[in-house]
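Coming up is one lone chain in structure tokens, specifically the form predicted on its own.
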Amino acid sequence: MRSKRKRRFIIACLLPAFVLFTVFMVYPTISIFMMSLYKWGGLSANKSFVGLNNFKILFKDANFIKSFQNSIFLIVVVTLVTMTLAIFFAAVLTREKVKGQNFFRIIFYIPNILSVSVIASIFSAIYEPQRGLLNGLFRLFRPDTWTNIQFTGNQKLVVYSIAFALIWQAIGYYMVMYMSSMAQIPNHIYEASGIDGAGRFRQFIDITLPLSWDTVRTTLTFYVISNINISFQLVNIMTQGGPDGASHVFLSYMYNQAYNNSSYGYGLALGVVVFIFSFGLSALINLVTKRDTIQY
């Protein structure tokens, strides 16, 4: 009797969450998969079933392949640089006696409290060819011969410019998370290793990193997925995919096709590919970074 009541109570508690998850997550996802099989502009009721034709066109689309390459570049390079710098700064500010530690914590964290539109505006001003900060600095060293660089107007430089903004935006947030994890490691472990002759670098490799690995692993998955979303916002505000589509990423190209090019079904086919890619990437990261939990 008590067991039945307990079971009913658990079902009653889980039911609202299950209904909400089904209505707002499962149903829209299935709808997107279904609509990706249609040729549809999105503004009228006229749509025709084309099966997998949208996907066949997609994998022959040079602009999609370019956006795919840009997304992979931003996911791999930006994630590696951001995570490495965040762990390094967290280790320095946690383990070393640096003057003004709180000041540096605040400075590093400030980009995280800014909205993406503000960050995009800041970097648009920094990259501005005529009066931008970067060209102004370079001009100081070569005032007579300096030619202004089009950081967001050059097809070869625009992705690097977006990457730098992404790195700047994310370092502080992840640094604070790693600092919280590293601060919980007992000092006596470092003291014991110091007595055995371990230096700072060896302590970082053998103690700090393994004991913070669960946090690193969780944030890695989180950051890779958020990288896909934030890169779309930055590209949409700073370059709108330009010049000539050179800075498009997954989601910006999908948005452009679905809402600007009136190819809603084709855009949703792109969304399906992004969904499967994100899901597969998360699973891969989870598998590759799996380690036995080390306790202290």
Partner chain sequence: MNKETGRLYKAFIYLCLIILAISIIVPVSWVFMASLKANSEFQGNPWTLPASIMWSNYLKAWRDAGMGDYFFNSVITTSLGLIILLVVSIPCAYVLSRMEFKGRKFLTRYLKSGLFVNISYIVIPIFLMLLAWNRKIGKPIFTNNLFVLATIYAATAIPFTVYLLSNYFRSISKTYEEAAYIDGAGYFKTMVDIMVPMAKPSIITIILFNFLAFWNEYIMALTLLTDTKKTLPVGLVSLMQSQRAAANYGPMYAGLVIVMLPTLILYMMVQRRLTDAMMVGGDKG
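Note that the structure is predicted; figures quoted are calculated from it, not measured. Numbering follows the first chain given and starts at 1.
Not on display, but discussed next: the form predicted in complex with its partner chain.
**Q** Should Lys99 be counted as a contact of its partner chain in the model of the complex, where contact means heavy atoms within 4.5 Å?
**A** Yes, contact at 4.5 Å.
**Q** With the partner left out of view, is Gly51 within 4.5 angstroms of its partner chain in the model of the complex by any non-hydrogen atom?
**A** Flag for Gly51 set to no.
**Q** With heavy atoms only and a cut-off of 4.5 Å, decide whether Ile285 touches its partner chain in the model of the complex.
**A** No, Ile285 is distant from the partner.
**Q** Might Gly194 be said to contact its partner chain in the model of the complex, defining contact as any heavy atom within 4.5 Å?
**A** Outside the cut-off, so no.
**Q** Looking at Ile189, Leu209, Ile72, Leu114, which is the one with a non-hydrogen atom within 4.5 Å of its partner chain in the model of the complex?
**A** Filtering the options by heavy-atom distance leaves Leu114.
**Q** Scan 252 to 275 and write down, in order along the chain, each residue with a heavy atom lying within 4.5 Å of its partner chain in the model of the complex.
**A** If the 4.5 Å heavy-atom criterion is applied to its partner chain in the model of the complex, 252 to 275 yields Met254, Tyr255, Ala258, Tyr259, Tyr264, Leu268, Val274, Phe275.
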